[in-house]
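Presented below, as structure tokens, is a lone chain in the form predicted on its own.
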């Protein structure tokens, strides 16, 4: 009898749990799950946005032709067409294998480094052969720009936030004020951030130009020079993204027991030695978390490129989300834009899975 009452109680608790979860699940399904599958369905059609708006039957099912049109082409070959990036990928593969073998990296971190390195080896190797061409000639250069942006912004944010957190890891009132000041950039909108840095990079009235002229240099046209436009976007992004990464590192630093530092001090490990041999090993999981989160975040870059350089000059700062936006809403080719969006989802989903696996890894 008591078991029956307990069973009914458990069932009622389960029902209550589902009842409480229902609003979230409904919202999640309506605004995230359904749009994703709807977008995938659109990617399988020749779907002109304006034509379908006036005639819902104007769309045509074409299967995977949008993916072929966007990502592939005629007479595409593979080889060592980009020695720098592919060589960097080979070094990454060797490093992941070696660091795993000497137990300097966990299994999942080694897998993450290996996957990223393998992509660097494989993706830049595809190129049109004789009389070949890409179907969408702007897609892969745009993917390359996005990868370059991520490759510059993620280490920049991670390293800057780590050293900033280490410098501000104190319990004084001044440290608290400084932490607040450095975090304030995080709450600004992308419009405000880009406006600030457009003024900073201005060759006439910008602070950087004034400093350059003070030392006898010639101001650089940061936002219109092909060599510096991407660097300008990366600098603005690093300044904007420091806040969250710094807070995560501060939480990790404050979680390290002071007894470890006291024990290390007995072995003459102080200052830089303590940071290298005590702080960094104990922050390994936090560093991995920050890197994965930053990768997922920066693959979605849009506002900086759109507002600061409009994708120029000569498409050197054109990024994937901006290209998807232009293809779907400017060119009205919603099917092709959806195919590119699914491609971006796969990249971000891969890193999300890596983050989930790392989060479940035992200490």
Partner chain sequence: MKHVLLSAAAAATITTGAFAQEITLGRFFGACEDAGTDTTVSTGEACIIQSIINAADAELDGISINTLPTDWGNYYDQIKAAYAGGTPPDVHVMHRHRIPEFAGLGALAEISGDLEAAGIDPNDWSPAALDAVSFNGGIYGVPMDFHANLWHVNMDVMEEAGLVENGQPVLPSSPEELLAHAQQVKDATGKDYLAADFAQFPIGVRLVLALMWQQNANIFTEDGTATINTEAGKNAVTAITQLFDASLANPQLNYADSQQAFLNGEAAILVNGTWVVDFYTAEAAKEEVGLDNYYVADFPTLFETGATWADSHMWAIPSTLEGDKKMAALKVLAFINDHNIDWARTGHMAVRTSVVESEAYTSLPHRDEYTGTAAIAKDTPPSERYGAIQDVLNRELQAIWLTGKPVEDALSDAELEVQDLLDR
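The term rigid core refers to the maximal set of C-alpha atoms that superpose within 1.5 Å between the two forms. Just so it is clear, the model here is predicted, and its values are computed rather than measured. Numbering follows the first chain given and starts at 1.
The next section is about a form of this same protein that is not shown, the form predicted in complex with the partner chain.
- Just one of 270, 107, 101, 133 comes within 4.5 Å of the partner chain in the predicted bound form, counting any heavy atom, and that one is 133.
- Proximity to the partner chain in the predicted bound form, defined as a heavy atom within 4.5 Å, holds among 86, 202, 169, 279 only for 202.
- Annotated contact segment (heavy atom within 4.5 Å of the partner chain in the predicted bound form): 225 to 233, selected among 145 to 153, 251 to 259, 116 to 124, 225 to 233.
- For the chain shown alone, residue 309 is a contact residue for the partner chain in the predicted bound form, at least one non-hydrogen atom being within 4.5 angstroms.
- Put simply, residue 298 is far from the partner chain in the predicted bound form: not one heavy atom of it is within 4.5 Å.
- Residue 69 belongs to the set of residues with a heavy atom inside 4.5 Å of the partner chain in the predicted bound form.
- Taking the partner from elsewhere, residue 138 is found to have a heavy atom lying within 4.5 Å of the partner chain in the predicted bound form.
- If you take 36 to 53 and check each residue for a heavy atom within 4.5 Å of the partner chain in the predicted bound form, you get 48, 49, 50, 51, 53, in sequence order.
- The rigid-core alignment places the CA of residue 74 2 Å or more apart between the shown form and the other one.
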